[in-house]
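Here's a solo chain for you in C-alpha coordinates, the form predicted alone.
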Amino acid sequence: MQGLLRMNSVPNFLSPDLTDSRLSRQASYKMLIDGKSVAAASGKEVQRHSPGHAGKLVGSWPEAGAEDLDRAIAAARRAFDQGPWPRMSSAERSRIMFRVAELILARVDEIALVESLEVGKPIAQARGEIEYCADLWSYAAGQVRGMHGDSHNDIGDNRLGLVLREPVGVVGIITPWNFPFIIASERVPWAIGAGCTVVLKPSELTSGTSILMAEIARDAGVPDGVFNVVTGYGAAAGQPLAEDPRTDMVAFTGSVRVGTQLAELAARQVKRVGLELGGKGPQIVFADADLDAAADGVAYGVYHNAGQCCISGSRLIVHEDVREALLERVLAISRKIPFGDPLNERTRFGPMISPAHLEKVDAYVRAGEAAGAELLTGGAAQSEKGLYYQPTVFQGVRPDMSIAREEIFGPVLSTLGFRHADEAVAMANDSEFGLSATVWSTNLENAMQTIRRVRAGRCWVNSVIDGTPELPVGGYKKSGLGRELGRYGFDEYSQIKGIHVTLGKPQRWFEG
(Lines give C-alpha, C1' and ligand atoms only; values in the text may rest on other atoms or scores of the structure.)
Protein backbone atom coordinates (compact mmCIF):
# COMPACT_ATOMS: atom_id res chain seq x y z
CA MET A 1 0.00 0.00 0.00
CA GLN A 2 2.77 2.45 0.93
CA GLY A 3 4.26 2.19 -2.56
CA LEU A 4 0.98 3.31 -4.14
CA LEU A 5 0.78 6.56 -2.15
CA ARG A 6 2.50 8.70 -4.78
CA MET A 7 0.63 11.97 -4.36
CA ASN A 8 -0.21 14.25 -1.46
CA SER A 9 -3.60 13.91 0.17
CA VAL A 10 -6.33 16.09 -1.28
CA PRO A 11 -8.70 18.15 0.90
CA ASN A 12 -11.87 16.38 -0.23
CA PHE A 13 -10.79 13.09 1.36
CA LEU A 14 -12.86 12.13 4.40
CA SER A 15 -10.53 10.11 6.57
CA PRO A 16 -12.14 7.11 8.26
CA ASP A 17 -12.85 7.36 11.96
CA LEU A 18 -11.49 4.07 13.27
CA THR A 19 -13.13 4.72 16.66
CA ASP A 20 -16.66 4.79 15.19
CA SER A 21 -18.81 2.58 17.43
CA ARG A 22 -20.44 0.98 14.38
CA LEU A 23 -17.12 -0.70 13.63
CA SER A 24 -17.53 -2.82 16.74
CA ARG A 25 -20.15 -4.85 14.88
CA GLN A 26 -18.65 -8.27 14.10
CA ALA A 27 -21.67 -10.21 12.89
CA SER A 28 -21.46 -13.98 12.62
CA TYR A 29 -23.79 -15.47 10.04
CA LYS A 30 -24.96 -18.94 9.11
CA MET A 31 -26.12 -20.25 5.75
CA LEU A 32 -29.78 -20.90 5.11
CA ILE A 33 -30.51 -24.39 3.78
CA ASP A 34 -34.00 -25.88 3.71
CA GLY A 35 -35.27 -23.13 5.99
CA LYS A 36 -32.62 -23.75 8.67
CA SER A 37 -29.64 -21.63 9.67
CA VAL A 38 -26.61 -23.91 9.48
CA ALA A 39 -22.83 -23.80 9.69
CA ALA A 40 -20.58 -25.45 7.13
CA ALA A 41 -20.16 -29.19 7.60
CA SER A 42 -16.41 -28.60 7.94
CA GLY A 43 -16.88 -25.90 10.56
CA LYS A 44 -14.72 -23.54 8.49
CA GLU A 45 -15.55 -19.83 8.19
CA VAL A 46 -14.68 -16.89 5.97
CA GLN A 47 -13.84 -13.64 7.75
CA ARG A 48 -14.55 -10.24 6.21
CA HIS A 49 -12.56 -7.13 7.10
CA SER A 50 -13.81 -3.66 6.20
CA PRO A 51 -12.04 -2.30 3.11
CA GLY A 52 -12.72 1.23 4.30
CA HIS A 53 -11.46 0.99 7.87
CA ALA A 54 -7.93 -0.39 7.89
CA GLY A 55 -9.14 -3.95 7.70
CA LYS A 56 -11.29 -4.08 10.83
CA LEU A 57 -13.19 -7.37 11.19
CA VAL A 58 -16.90 -6.80 10.46
CA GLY A 59 -18.36 -10.23 9.71
CA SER A 60 -17.91 -13.95 9.19
CA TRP A 61 -19.87 -16.71 7.45
CA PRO A 62 -19.49 -20.41 6.69
CA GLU A 63 -17.08 -21.72 4.07
CA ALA A 64 -19.29 -24.19 2.24
CA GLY A 65 -17.96 -27.43 0.77
CA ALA A 66 -19.32 -30.28 -1.31
CA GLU A 67 -21.53 -31.66 1.47
CA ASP A 68 -23.16 -28.27 2.04
CA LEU A 69 -23.83 -27.76 -1.67
CA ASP A 70 -25.33 -31.23 -1.90
CA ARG A 71 -27.73 -30.42 0.94
CA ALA A 72 -28.73 -27.07 -0.54
CA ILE A 73 -29.33 -28.38 -4.06
CA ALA A 74 -31.23 -31.38 -2.68
CA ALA A 75 -33.44 -29.04 -0.63
CA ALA A 76 -34.19 -26.85 -3.64
CA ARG A 77 -34.87 -29.90 -5.82
CA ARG A 78 -37.23 -31.38 -3.24
CA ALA A 79 -39.01 -28.05 -2.75
CA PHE A 80 -39.57 -27.79 -6.49
CA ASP A 81 -40.56 -31.40 -7.18
CA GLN A 82 -42.66 -32.01 -4.08
CA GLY A 83 -43.20 -28.74 -2.26
CA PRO A 84 -46.09 -26.28 -2.38
CA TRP A 85 -44.37 -23.25 -3.92
CA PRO A 86 -44.57 -24.11 -7.66
CA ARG A 87 -48.16 -25.29 -7.13
CA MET A 88 -49.38 -22.22 -5.29
CA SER A 89 -51.68 -19.80 -7.02
CA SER A 90 -49.98 -16.66 -8.28
CA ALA A 91 -52.03 -14.72 -5.73
CA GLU A 92 -50.49 -16.68 -2.86
CA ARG A 93 -46.94 -16.23 -4.14
CA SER A 94 -47.58 -12.55 -4.75
CA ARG A 95 -48.86 -11.98 -1.22
CA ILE A 96 -45.76 -13.56 0.33
CA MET A 97 -43.40 -11.60 -1.92
CA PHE A 98 -45.10 -8.32 -1.01
CA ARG A 99 -44.45 -9.26 2.61
CA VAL A 100 -40.74 -9.69 1.81
CA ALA A 101 -40.67 -6.13 0.46
CA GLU A 102 -42.35 -4.84 3.62
CA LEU A 103 -39.83 -6.57 5.87
CA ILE A 104 -36.90 -5.23 3.85
CA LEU A 105 -38.23 -1.68 4.28
CA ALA A 106 -38.59 -2.27 8.01
CA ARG A 107 -34.89 -3.14 8.25
CA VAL A 108 -33.35 -0.65 5.81
CA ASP A 109 -30.88 0.90 8.27
CA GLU A 110 -29.67 -2.46 9.56
CA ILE A 111 -29.12 -3.95 6.10
CA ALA A 112 -27.53 -0.74 4.78
CA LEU A 113 -24.96 -0.74 7.58
CA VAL A 114 -23.96 -4.32 6.79
CA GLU A 115 -23.67 -3.44 3.09
CA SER A 116 -21.56 -0.39 3.87
CA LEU A 117 -19.16 -2.23 6.15
CA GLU A 118 -18.70 -5.27 3.92
CA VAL A 119 -18.59 -3.59 0.50
CA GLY A 120 -17.22 -0.19 1.50
CA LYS A 121 -19.98 1.77 -0.19
CA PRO A 122 -21.19 5.06 1.31
CA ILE A 123 -23.87 4.57 3.93
CA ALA A 124 -26.26 6.99 2.21
CA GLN A 125 -25.88 5.10 -1.07
CA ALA A 126 -26.38 1.78 0.68
CA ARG A 127 -29.57 3.02 2.31
CA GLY A 128 -30.97 4.09 -1.05
CA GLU A 129 -30.05 0.76 -2.61
CA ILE A 130 -31.88 -1.25 0.04
CA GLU A 131 -35.00 0.87 -0.42
CA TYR A 132 -34.76 0.29 -4.17
CA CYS A 133 -34.51 -3.45 -3.57
CA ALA A 134 -37.78 -3.38 -1.66
CA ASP A 135 -39.29 -1.79 -4.77
CA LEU A 136 -37.83 -4.58 -6.92
CA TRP A 137 -39.53 -7.18 -4.75
CA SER A 138 -42.80 -5.23 -4.82
CA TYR A 139 -42.76 -4.88 -8.59
CA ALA A 140 -42.02 -8.56 -9.11
CA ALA A 141 -44.76 -9.46 -6.62
CA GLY A 142 -47.29 -7.44 -8.58
CA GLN A 143 -46.21 -8.87 -11.93
CA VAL A 144 -46.52 -12.46 -10.69
CA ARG A 145 -50.29 -12.26 -11.01
CA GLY A 146 -49.98 -11.02 -14.58
CA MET A 147 -47.89 -13.90 -15.92
CA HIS A 148 -49.78 -15.87 -18.52
CA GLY A 149 -49.49 -18.11 -21.54
CA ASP A 150 -51.45 -17.85 -24.77
CA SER A 151 -54.14 -19.56 -26.84
CA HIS A 152 -54.78 -20.04 -30.56
CA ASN A 153 -58.42 -20.53 -31.43
CA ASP A 154 -58.11 -20.12 -35.19
CA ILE A 155 -55.95 -23.08 -36.26
CA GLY A 156 -58.91 -25.18 -37.38
CA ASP A 157 -62.46 -26.08 -36.44
CA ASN A 158 -61.38 -29.17 -34.53
CA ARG A 159 -58.08 -27.86 -33.16
CA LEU A 160 -57.11 -25.62 -30.28
CA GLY A 161 -53.59 -24.43 -29.42
CA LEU A 162 -52.47 -23.61 -25.87
CA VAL A 163 -49.18 -22.07 -24.74
CA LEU A 164 -48.39 -22.68 -21.08
CA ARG A 165 -45.76 -20.91 -18.99
CA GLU A 166 -44.06 -23.13 -16.40
CA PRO A 167 -41.16 -22.53 -14.00
CA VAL A 168 -37.78 -23.67 -15.29
CA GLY A 169 -37.00 -25.53 -12.05
CA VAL A 170 -34.04 -25.27 -9.66
CA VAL A 171 -31.94 -22.17 -10.31
CA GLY A 172 -28.40 -21.55 -9.09
CA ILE A 173 -27.75 -17.81 -8.75
CA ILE A 174 -24.18 -16.54 -8.31
CA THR A 175 -23.75 -12.86 -7.44
CA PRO A 176 -20.69 -10.57 -7.19
CA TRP A 177 -19.33 -8.42 -4.39
CA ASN A 178 -20.11 -4.92 -5.68
CA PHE A 179 -23.92 -4.84 -5.36
CA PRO A 180 -24.81 -8.00 -3.43
CA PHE A 181 -28.29 -6.98 -2.26
CA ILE A 182 -29.34 -5.29 -5.51
CA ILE A 183 -28.16 -8.03 -7.86
CA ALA A 184 -29.79 -10.74 -5.76
CA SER A 185 -32.98 -8.65 -5.73
CA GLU A 186 -32.85 -8.35 -9.51
CA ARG A 187 -32.91 -12.14 -9.83
CA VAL A 188 -34.38 -13.98 -6.85
CA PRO A 189 -37.87 -12.34 -6.94
CA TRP A 190 -38.22 -13.08 -10.65
CA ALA A 191 -37.02 -16.67 -10.23
CA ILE A 192 -39.22 -17.57 -7.27
CA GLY A 193 -42.04 -15.43 -8.67
CA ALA A 194 -42.05 -17.70 -11.71
CA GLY A 195 -42.37 -20.68 -9.35
CA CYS A 196 -38.72 -21.76 -9.31
CA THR A 197 -36.61 -22.65 -6.29
CA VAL A 198 -33.19 -21.07 -5.73
CA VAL A 199 -29.73 -21.71 -4.37
CA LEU A 200 -28.00 -18.33 -4.06
CA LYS A 201 -24.22 -18.16 -3.78
CA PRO A 202 -23.00 -14.61 -2.99
CA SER A 203 -19.40 -13.46 -3.16
CA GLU A 204 -17.18 -14.73 -0.36
CA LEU A 205 -16.32 -11.05 0.30
CA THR A 206 -19.86 -9.73 0.84
CA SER A 207 -22.27 -12.45 1.96
CA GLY A 208 -23.96 -10.91 4.98
CA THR A 209 -26.84 -9.10 3.30
CA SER A 210 -27.66 -12.10 1.07
CA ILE A 211 -28.12 -14.22 4.17
CA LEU A 212 -30.31 -11.51 5.70
CA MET A 213 -32.44 -11.48 2.54
CA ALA A 214 -33.06 -15.23 2.72
CA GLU A 215 -33.92 -15.01 6.41
CA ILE A 216 -36.40 -12.21 5.67
CA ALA A 217 -37.98 -14.33 2.93
CA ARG A 218 -38.32 -17.23 5.35
CA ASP A 219 -39.93 -14.94 7.93
CA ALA A 220 -42.32 -13.64 5.26
CA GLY A 221 -43.61 -17.15 4.56
CA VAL A 222 -41.47 -18.44 1.68
CA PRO A 223 -41.55 -22.24 2.26
CA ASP A 224 -38.47 -24.16 3.33
CA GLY A 225 -36.13 -25.08 0.51
CA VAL A 226 -37.39 -22.43 -1.91
CA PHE A 227 -34.67 -19.86 -1.14
CA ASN A 228 -31.35 -21.30 0.04
CA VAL A 229 -28.06 -19.45 0.54
CA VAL A 230 -24.61 -21.07 0.55
CA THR A 231 -21.47 -19.04 1.24
CA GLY A 232 -17.81 -19.53 0.51
CA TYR A 233 -15.46 -19.66 -2.45
CA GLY A 234 -16.35 -20.10 -6.09
CA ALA A 235 -14.73 -23.45 -6.86
CA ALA A 236 -16.41 -25.23 -3.95
CA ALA A 237 -19.66 -23.28 -3.54
CA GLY A 238 -20.39 -21.82 -6.98
CA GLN A 239 -19.13 -24.22 -9.62
CA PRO A 240 -21.36 -27.12 -8.48
CA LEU A 241 -24.43 -25.03 -9.30
CA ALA A 242 -23.44 -25.29 -12.96
CA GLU A 243 -22.18 -28.88 -12.80
CA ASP A 244 -24.85 -30.61 -10.72
CA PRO A 245 -27.54 -32.28 -12.88
CA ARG A 246 -30.18 -31.45 -10.28
CA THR A 247 -30.06 -27.74 -11.16
CA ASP A 248 -31.97 -26.65 -14.27
CA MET A 249 -30.38 -23.22 -14.74
CA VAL A 250 -27.48 -21.10 -13.55
CA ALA A 251 -27.57 -17.28 -13.49
CA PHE A 252 -24.20 -15.60 -13.01
CA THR A 253 -23.11 -11.99 -12.64
CA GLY A 254 -19.40 -11.28 -12.72
CA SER A 255 -16.34 -11.48 -14.95
CA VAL A 256 -16.23 -12.70 -18.54
CA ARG A 257 -13.59 -15.25 -17.56
CA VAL A 258 -15.68 -16.94 -14.86
CA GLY A 259 -18.94 -16.56 -16.77
CA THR A 260 -17.45 -18.31 -19.78
CA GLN A 261 -16.20 -21.17 -17.60
CA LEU A 262 -19.61 -21.65 -15.98
CA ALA A 263 -21.33 -21.54 -19.37
CA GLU A 264 -19.00 -24.27 -20.64
CA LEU A 265 -19.82 -26.45 -17.64
CA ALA A 266 -23.55 -25.88 -18.03
CA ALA A 267 -23.38 -26.57 -21.78
CA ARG A 268 -22.26 -30.12 -21.12
CA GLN A 269 -25.76 -30.76 -19.77
CA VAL A 270 -27.48 -28.34 -22.17
CA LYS A 271 -28.44 -26.34 -19.09
CA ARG A 272 -29.91 -22.88 -19.39
CA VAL A 273 -27.53 -20.03 -18.55
CA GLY A 274 -28.11 -16.36 -17.78
CA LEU A 275 -25.04 -14.12 -17.77
CA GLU A 276 -24.41 -10.48 -16.91
CA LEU A 277 -20.69 -9.93 -17.41
CA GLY A 278 -18.25 -7.07 -17.98
CA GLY A 279 -18.74 -3.61 -19.39
CA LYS A 280 -16.85 -0.59 -20.67
CA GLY A 281 -19.69 1.89 -20.92
CA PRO A 282 -19.35 4.86 -23.30
CA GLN A 283 -20.73 8.28 -22.46
CA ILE A 284 -21.15 10.21 -25.73
CA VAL A 285 -21.38 13.98 -25.21
CA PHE A 286 -22.42 16.11 -28.19
CA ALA A 287 -21.60 19.80 -28.62
CA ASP A 288 -25.23 20.75 -27.94
CA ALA A 289 -25.35 18.98 -24.57
CA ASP A 290 -26.09 20.77 -21.31
CA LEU A 291 -22.46 20.69 -20.16
CA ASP A 292 -23.18 21.23 -16.47
CA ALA A 293 -25.63 18.34 -16.42
CA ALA A 294 -23.33 16.19 -18.56
CA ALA A 295 -20.30 16.86 -16.33
CA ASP A 296 -22.25 15.88 -13.23
CA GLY A 297 -23.51 12.75 -15.00
CA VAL A 298 -20.07 11.82 -16.32
CA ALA A 299 -18.61 12.12 -12.82
CA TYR A 300 -21.43 10.09 -11.31
CA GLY A 301 -21.12 7.50 -14.06
CA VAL A 302 -17.45 6.83 -13.40
CA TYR A 303 -17.25 7.39 -9.63
CA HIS A 304 -20.44 5.67 -8.51
CA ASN A 305 -19.50 2.83 -6.16
CA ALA A 306 -15.87 3.91 -6.65
CA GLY A 307 -16.12 2.81 -10.27
CA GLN A 308 -16.69 -0.78 -9.16
CA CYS A 309 -19.77 -1.07 -11.31
CA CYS A 310 -20.28 -3.11 -14.49
CA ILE A 311 -22.41 -0.32 -16.00
CA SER A 312 -19.85 2.36 -15.12
CA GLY A 313 -19.56 5.08 -17.76
CA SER A 314 -15.78 4.89 -17.87
CA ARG A 315 -15.26 5.97 -21.52
CA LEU A 316 -15.94 9.65 -22.16
CA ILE A 317 -16.42 10.21 -25.91
CA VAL A 318 -16.82 13.97 -26.27
CA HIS A 319 -17.17 16.31 -29.25
CA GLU A 320 -13.93 18.23 -29.76
CA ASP A 321 -15.71 21.59 -29.74
CA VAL A 322 -16.70 21.14 -26.07
CA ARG A 323 -14.01 18.74 -24.86
CA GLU A 324 -12.01 21.37 -22.98
CA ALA A 325 -15.08 23.02 -21.44
CA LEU A 326 -16.53 19.68 -20.35
CA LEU A 327 -13.25 18.44 -18.89
CA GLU A 328 -12.91 21.64 -16.86
CA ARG A 329 -16.25 20.88 -15.25
CA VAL A 330 -15.49 17.19 -14.72
CA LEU A 331 -12.12 18.00 -13.16
CA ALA A 332 -13.70 20.55 -10.82
CA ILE A 333 -16.11 17.88 -9.58
CA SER A 334 -13.33 15.30 -9.36
CA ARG A 335 -11.27 17.57 -7.14
CA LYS A 336 -14.17 18.50 -4.84
CA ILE A 337 -16.24 15.34 -4.55
CA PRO A 338 -16.10 13.99 -1.00
CA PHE A 339 -14.70 10.47 -0.96
CA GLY A 340 -13.40 8.25 1.79
CA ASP A 341 -15.07 6.98 4.97
CA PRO A 342 -18.13 4.89 3.98
CA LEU A 343 -19.83 5.68 7.30
CA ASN A 344 -19.72 9.44 6.71
CA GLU A 345 -23.05 10.70 5.35
CA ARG A 346 -21.24 13.17 3.06
CA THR A 347 -19.17 10.54 1.28
CA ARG A 348 -19.92 9.97 -2.41
CA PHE A 349 -17.59 7.03 -3.00
CA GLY A 350 -15.55 4.77 -0.81
CA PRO A 351 -12.72 2.24 -1.06
CA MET A 352 -11.66 -0.51 -3.40
CA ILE A 353 -12.93 -3.93 -2.38
CA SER A 354 -9.53 -5.54 -1.64
CA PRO A 355 -5.78 -4.83 -1.69
CA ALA A 356 -5.38 -6.92 -4.85
CA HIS A 357 -8.07 -4.90 -6.62
CA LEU A 358 -6.49 -1.62 -5.55
CA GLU A 359 -3.21 -2.75 -7.07
CA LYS A 360 -5.01 -3.81 -10.26
CA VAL A 361 -6.60 -0.37 -10.66
CA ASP A 362 -3.26 1.32 -10.07
CA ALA A 363 -1.59 -0.95 -12.63
CA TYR A 364 -4.08 0.21 -15.27
CA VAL A 365 -3.33 3.84 -14.42
CA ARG A 366 0.40 3.24 -14.76
CA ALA A 367 -0.20 1.45 -18.07
CA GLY A 368 -2.20 4.42 -19.33
CA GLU A 369 0.64 6.79 -18.50
CA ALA A 370 3.19 4.48 -20.12
CA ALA A 371 1.07 4.35 -23.30
CA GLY A 372 1.10 8.14 -23.56
CA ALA A 373 -2.25 9.18 -22.07
CA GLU A 374 -2.20 12.44 -20.10
CA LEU A 375 -3.12 12.12 -16.42
CA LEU A 376 -5.12 15.22 -15.48
CA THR A 377 -5.93 14.42 -11.86
CA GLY A 378 -5.69 11.61 -9.33
CA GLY A 379 -3.73 8.50 -10.16
CA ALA A 380 -2.77 7.24 -6.71
CA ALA A 381 -3.97 5.52 -3.57
CA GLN A 382 -5.07 7.96 -0.89
CA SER A 383 -4.78 6.62 2.66
CA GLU A 384 -3.38 3.82 4.76
CA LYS A 385 -6.60 3.79 6.78
CA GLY A 386 -8.40 1.97 3.96
CA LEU A 387 -8.20 0.91 0.34
CA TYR A 388 -8.92 4.29 -1.23
CA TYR A 389 -8.03 5.41 -4.76
CA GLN A 390 -8.27 9.01 -5.92
CA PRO A 391 -10.73 10.18 -8.62
CA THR A 392 -8.67 9.83 -11.80
CA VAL A 393 -9.11 11.43 -15.23
CA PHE A 394 -7.12 10.85 -18.43
CA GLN A 395 -7.21 12.69 -21.74
CA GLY A 396 -5.31 12.04 -24.94
CA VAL A 397 -6.47 8.43 -24.83
CA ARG A 398 -6.29 6.34 -28.00
CA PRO A 399 -8.88 3.64 -28.72
CA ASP A 400 -6.18 0.94 -28.68
CA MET A 401 -4.99 1.68 -25.12
CA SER A 402 -5.84 -0.77 -22.34
CA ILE A 403 -7.51 2.02 -20.34
CA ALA A 404 -9.89 2.54 -23.28
CA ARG A 405 -10.61 -1.14 -23.95
CA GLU A 406 -10.47 -3.11 -20.70
CA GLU A 407 -12.74 -2.96 -17.68
CA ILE A 408 -10.72 -1.22 -14.95
CA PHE A 409 -13.47 -1.41 -12.31
CA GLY A 410 -12.21 1.66 -10.52
CA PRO A 411 -12.65 5.48 -10.45
CA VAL A 412 -10.75 6.03 -13.70
CA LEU A 413 -12.15 8.03 -16.65
CA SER A 414 -10.64 7.74 -20.14
CA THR A 415 -11.39 10.64 -22.51
CA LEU A 416 -11.54 10.36 -26.30
CA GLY A 417 -12.61 13.05 -28.79
CA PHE A 418 -14.77 12.96 -31.93
CA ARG A 419 -15.92 15.27 -34.71
CA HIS A 420 -18.87 13.46 -36.29
CA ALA A 421 -21.67 11.29 -34.90
CA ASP A 422 -20.60 8.33 -37.02
CA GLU A 423 -17.16 8.51 -35.45
CA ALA A 424 -18.64 8.59 -31.93
CA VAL A 425 -20.86 5.58 -32.61
CA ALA A 426 -17.94 3.66 -34.12
CA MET A 427 -15.80 4.32 -31.02
CA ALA A 428 -18.67 3.38 -28.70
CA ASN A 429 -19.15 0.07 -30.54
CA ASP A 430 -15.42 -0.64 -30.82
CA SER A 431 -15.48 -2.87 -27.76
CA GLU A 432 -16.00 -6.51 -26.92
CA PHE A 433 -18.54 -5.31 -24.35
CA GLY A 434 -22.06 -3.99 -24.79
CA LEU A 435 -23.64 -3.63 -21.38
CA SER A 436 -24.46 0.07 -21.08
CA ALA A 437 -24.21 3.41 -22.89
CA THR A 438 -25.24 7.05 -22.47
CA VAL A 439 -25.84 9.90 -24.92
CA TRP A 440 -25.85 13.53 -23.78
CA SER A 441 -27.60 15.92 -26.18
CA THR A 442 -30.40 18.52 -26.05
CA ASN A 443 -31.43 17.45 -29.56
CA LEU A 444 -33.76 14.53 -28.91
CA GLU A 445 -33.70 13.30 -32.50
CA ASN A 446 -29.90 13.27 -32.51
CA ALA A 447 -29.80 11.52 -29.14
CA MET A 448 -32.31 8.84 -30.11
CA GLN A 449 -30.80 8.17 -33.54
CA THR A 450 -27.39 7.79 -31.87
CA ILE A 451 -28.44 5.54 -29.01
CA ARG A 452 -30.33 3.29 -31.44
CA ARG A 453 -27.04 2.62 -33.23
CA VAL A 454 -25.03 1.80 -30.11
CA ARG A 455 -24.87 -1.93 -29.40
CA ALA A 456 -25.62 -2.03 -25.68
CA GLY A 457 -28.45 -3.47 -23.66
CA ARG A 458 -28.93 -0.81 -20.99
CA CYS A 459 -28.95 2.76 -22.28
CA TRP A 460 -29.69 6.28 -21.10
CA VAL A 461 -30.34 9.64 -22.72
CA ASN A 462 -29.24 12.60 -20.58
CA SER A 463 -28.75 10.45 -17.48
CA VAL A 464 -26.58 7.57 -16.36
CA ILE A 465 -26.82 4.55 -14.02
CA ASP A 466 -30.53 5.15 -13.62
CA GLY A 467 -32.84 2.22 -13.07
CA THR A 468 -36.42 1.14 -12.60
CA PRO A 469 -37.91 -2.34 -12.14
CA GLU A 470 -40.02 -1.93 -15.26
CA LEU A 471 -37.10 -1.84 -17.73
CA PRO A 472 -35.07 -4.93 -18.68
CA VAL A 473 -31.30 -5.06 -18.18
CA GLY A 474 -28.68 -7.18 -19.91
CA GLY A 475 -25.84 -7.11 -22.37
CA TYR A 476 -24.78 -7.46 -25.99
CA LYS A 477 -21.63 -9.29 -27.14
CA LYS A 478 -19.36 -10.46 -24.30
CA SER A 479 -21.43 -8.55 -21.75
CA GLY A 480 -23.80 -11.46 -21.41
CA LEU A 481 -26.90 -13.45 -22.28
CA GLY A 482 -30.52 -12.96 -21.30
CA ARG A 483 -32.49 -10.17 -19.64
CA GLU A 484 -33.48 -9.42 -16.06
CA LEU A 485 -36.24 -7.18 -14.68
CA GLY A 486 -39.47 -6.00 -16.24
CA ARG A 487 -41.91 -8.54 -17.61
CA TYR A 488 -39.08 -9.98 -19.71
CA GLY A 489 -37.29 -11.08 -16.54
CA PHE A 490 -39.83 -13.83 -15.96
CA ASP A 491 -39.03 -15.30 -19.37
CA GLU A 492 -35.54 -16.12 -18.09
CA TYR A 493 -36.97 -18.40 -15.43
CA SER A 494 -39.83 -19.91 -17.44
CA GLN A 495 -40.30 -22.87 -19.73
CA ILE A 496 -42.81 -22.41 -22.54
CA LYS A 497 -44.92 -25.44 -23.40
CA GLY A 498 -47.07 -25.73 -26.53
CA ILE A 499 -50.13 -27.99 -26.38
CA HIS A 500 -52.06 -29.05 -29.49
CA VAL A 501 -55.60 -30.11 -28.60
CA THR A 502 -57.77 -32.09 -31.05
CA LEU A 503 -61.50 -31.60 -30.52
CA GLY A 504 -63.96 -34.23 -31.60
CA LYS A 505 -63.01 -37.36 -33.50
CA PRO A 506 -59.63 -37.05 -35.27
CA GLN A 507 -59.17 -38.04 -38.89
CA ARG A 508 -57.83 -41.59 -39.17
CA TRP A 509 -54.27 -41.97 -40.45
CA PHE A 510 -54.87 -45.58 -41.55
CA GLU A 511 -58.13 -47.17 -42.47
CA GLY A 512 -57.64 -50.94 -42.04
Ligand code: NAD
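In this text, residue numbers run from 1 along the sequence as written. Fair warning: this is a prediction, and the values are worked out from it, not measured in the lab.
Just so it is clear, the following notes concern the form predicted together with the ligand, a form of the same protein that is not shown.
Practice task
Counting only non-hydrogen atoms, choose the one of 161-169, 436-444, 392-400, 195-203 that falls within 4.5 Å of the ligand in the predicted bound form.
Solution key: Of the stretches listed, the one contacting the partner is 195-203.
Exercise for the section: Report whether the minimum heavy atom distance between residue 303 and the ligand in the predicted bound form is within 4.5 Å. Expected result: Contact check for residue 303: no, nothing within 4.5 Å of the ligand in the predicted bound form.
Handout entry: Contact of residue 383 with the ligand in the predicted bound form (heavy atom, 4.5 Å)
Key = No, no contact at 4.5 Å.
Exercise for the section: Would you check, heavy atoms only and a 4.5 Å threshold, whether residue 363 touches the ligand in the predicted bound form? Expected result: No - in the predicted bound form, heavy atoms of residue 363 and the ligand never come within 4.5 Å of each other.
Handout entry: residue 233 within 4.5 Å of the ligand in the predicted bound form, heavy atoms
Key = Result yes; residue 233 sits at the interface with the ligand in the predicted bound form.
Problem - Of 261, 138, 90, 429, the one that lies within 4.5 Å of the ligand in the predicted bound form (heavy atoms) - result: Here the answer is residue option 261.
Exercise for the section: Work out which of 189, 279, 351, 282 lies within 4.5 Å of the ligand in the predicted bound form, going by heavy atoms. Expected result: Selected residue: 279.
Problem - Candidate spot 174, 252 and 409, all three touching the ligand in the predicted bound form (heavy atom, 4.5 Å) - result: Yes, the whole candidate spot contacts the ligand.
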